[in-house]
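Here we start with a single chain on its own, the form predicted alone, put down as structure tokens.
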């Protein structure tokens, strides 16, 4: 992405287009700005042919080079006017609901904030717009009067089946009359049957806000009342709903969704991993009697088209989805819920780089709707907004149903190390054995996929590295491959070292979940195991099957990666063992400690969610680390306060602003040269620092060489104008690029 100069979007009501009357009394060609779903700097002007009267938001078909493209009539013309004689005509209107003003303003806002081309942002809202005319389904009714023609017994049965005068499809009618479809076609040709539009059936049943749900505890009821009041006000606000794991936050905010339904408006719930949220969908159906509309990347193209149109027409009252659901065409959005708001999965790292949590708050503001942020471990950014008075906070301090929080203890790996070549310490092995002996379930957590993160040669020390990235190849023993988890490069596990040719000399170093599974088989041979990782649970069906197996007690030992931290409720799980609690603390990531404490607290929260008490054991080489102390003592508030005090003096987020510039090129020399020019043109001033250029931690990714610069400012400094001016000073050579990441959460 290169620097570009564009007007700041007007967040007020967009102007109506100045379109002359059809009689053409005004001089000059009638023109209309059309935004196309490509990385252009703005809309293109097109000529309006006679008989067409496009309005802002209409979906149109327009010529682009030698093809026709779908675009949207926009609110402001291109900055550089094109002479009337050079304008190409609009080809026609597409039968699709128009893009409403709030969504167009949101697209402009996101583009301006992230320094992205507005057409590229709009593409996320336009991917499944149906082209052509949408025709209602057609059935058959009796002709009235019936023509004078011979009636066979089969034809009489067909006419009798249509006695109620309700249209029926060919298949339904043939089945009811016991005839073949050829009889139906013959009767239509003879004039006995005439086509008739079938009544449209909404693709999604309407959730019942008064369907009896679970009985709320007193603190839940108080929080739910406050959320209902925010929704009923039909105005913008932001509320943080936090509470310990298992406190019933989902049931509480579903009451806000119920109030939204009573108001006749639509609700959007964002989840970080919607494809793994089968339990959430079951909770929703228990509360409202029907499932919601779902939006995520695993849906078929047909389901996406049906869902998109239902949202646009208002017949999908509640949508639960991944971050891309933010760009659905809601006509009347009444509440936006961001569940697990602390999750980094809400940050989109490629294409248009944006944080769905923050953009959801903007979408709610532009729709005059409340936003509800939900988490047991709120992000420091959200807590800072609460502290500043911008967000309200509601807290659920105890677990629902009288369950107690689990006890947490650290296993000092320096004092009780595992056996040589193993990774489970004796105290953890004993605890798992005791848990399984009581007929309860246990979990082993390690946030690392595969069998081993590194493979090296015992003979020469060669390490198996990705040829496209500065990353080690991860062994996946079940598939007998080495794989890069950044670019996907895969090779079979070689029998000889590629460097020295030694046979059978390659050895795995370190554990992944596959290796922990192998060790658990030796330690607990009779246990029924289930591995929960992104490469073993590939979609909603697999996630639902895993959840049902665990709930039905068909599984004794769960072994998982960070997937198991995503809000699961397993009532018989009483022990969680974290194999490597220190994983994630290394490196120079600003948020490493915060992310680690959030992840481990969420994982720990899976234990003891019902009557039986829960227990959590953390294997660590640094039990004195503040993260471990916070988890053991159960005082996340004090930990986050310390984190805040460490960041505040240096104006680090959330008390300052960050923007990353990532330079990439085909060669190291090209990347270095462009990064050096950026560094020489770097802005300077009070409250502003530029760090770098320096090689990115992943200095080669997918074969491209990468360098990073970081702009750091005070909180009251707007970084976008600074970045636009900076980027405008540096020409980008062909084959190189500069990507901009506002508010980065990853520093790879």
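Residue numbers count along the first chain shown, from 1. What you see is a predicted model, and the numbers here were worked out from it, not measured in a lab.
Absent from the display: the form predicted together with adenosine-5'-diphosphate. The rest refers to it.
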Legend entry - Interface membership of residue 250, adenosine-5'-diphosphate in the predicted complex, 4.5 Å heavy atom rule: yes
Legend entry - Interface membership of residue 246, adenosine-5'-diphosphate in the predicted complex, 4.5 Å heavy atom rule: yes
Inset, instruction - May I ask you to check whether residue 520 falls inside a 4.5 Å heavy atom distance of adenosine-5'-diphosphate in the predicted complex? - result: no
Inset, instruction - Report whether the minimum heavy atom distance between residue 220 and adenosine-5'-diphosphate in the predicted complex is within 4.5 Å. - result: yes
Legend entry - Per-stretch contact check against adenosine-5'-diphosphate in the predicted complex, the hit in 378 to 386, 637 to 645, 650 to 658, 282 to 290 (non-hydrogen atom, 4.5 angstroms): 282 to 290
Legend entry - Listed residue (323, 400, 342, 566) with a non-hydrogen atom within 4.5 angstroms of adenosine-5'-diphosphate in the predicted complex: 400
Inset, instruction - Report the residue, out of 500, 205, 503, 215, that has at least one non-hydrogen atom within 4.5 angstroms of adenosine-5'-diphosphate in the predicted complex. - result: 215
Inset, instruction - Could you run down 605 to 630 and flag each residue that has a heavy atom within 4.5 Å of adenosine-5'-diphosphate in the predicted complex? - result: 609
